[in-house]
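Presented below, as structure tokens, is a lone chain in the form predicted alone.
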Amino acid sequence: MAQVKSNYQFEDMLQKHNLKKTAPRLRVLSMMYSKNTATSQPDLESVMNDIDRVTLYRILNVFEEKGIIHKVFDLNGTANYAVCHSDCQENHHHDEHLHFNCTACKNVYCLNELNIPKLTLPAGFEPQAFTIYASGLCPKCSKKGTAKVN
């Protein structure tokens, strides 16, 4: 579900991460927090046409580095971005949750409420990150009876 935050909370978030409070950063945060799905840079560009592509790329990049958002890929391999939990830190994400790709509407959902068991890897392997994906129909598409799109 989308989280509702005020501009003051976004300003505090930027300050906490030692980032300048710029209008484009505040707009991107507002947009990201208003959605209940991950969003791609091209999707953001289409609704934020006053922010140029390079600026938007840099904002997404620094937000990811600072642990504000995390990157997740859709079924086509396109990078999408979703809001991190508050326990994500700079250069260390805690986004160990299921990422659900809807095959009908193509939305990507972060299912944070699912408990993912801790993975124990064989000796010598040092994980830096992992991602778990599932695909199928989201609740909205399931209600519509939407068939799988190839």
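Note that this is a predicted model, so its numbers are computed, not measured. Between two forms, the rigid core is the largest collection of C-alphas that superpose within 1.5 Å. Residue numbers here begin at 1 and follow the sequence given.
What comes next is about the form predicted together with a further copy of the same chain, which is not displayed.
A single residue from the set Q15, T131, Q9, T22 has any heavy atom within 4.5 angstroms of a further copy of the same chain in the predicted complex; that residue is T131. Although the partner is absent here, T103 is a contact residue: one of its heavy atoms lies within 4.5 angstroms of a further copy of the same chain in the predicted complex. Remark: Y109 counts among the residues lining a further copy of the same chain in the predicted complex, judged by a heavy atom distance of 4.5 Å or less.
Within 4.5 Å of some heavy atom of a further copy of the same chain in the predicted complex lies at least one heavy atom of E113. In the predicted complex, L119 approaches a further copy of the same chain with a heavy atom inside 4.5 Å. Comparing the forms between the shown form and the other one on their rigid core, the Cα displacement of V54 stays under 2 Å. A displacement of 2 angstroms or greater separates the C-alpha positions of T120 between the shown form and the other one, with the rigid core held in common. Compared with the form shown here, the Cα atoms of F130 and N115 sit 3 Å or more closer together in the predicted complex.
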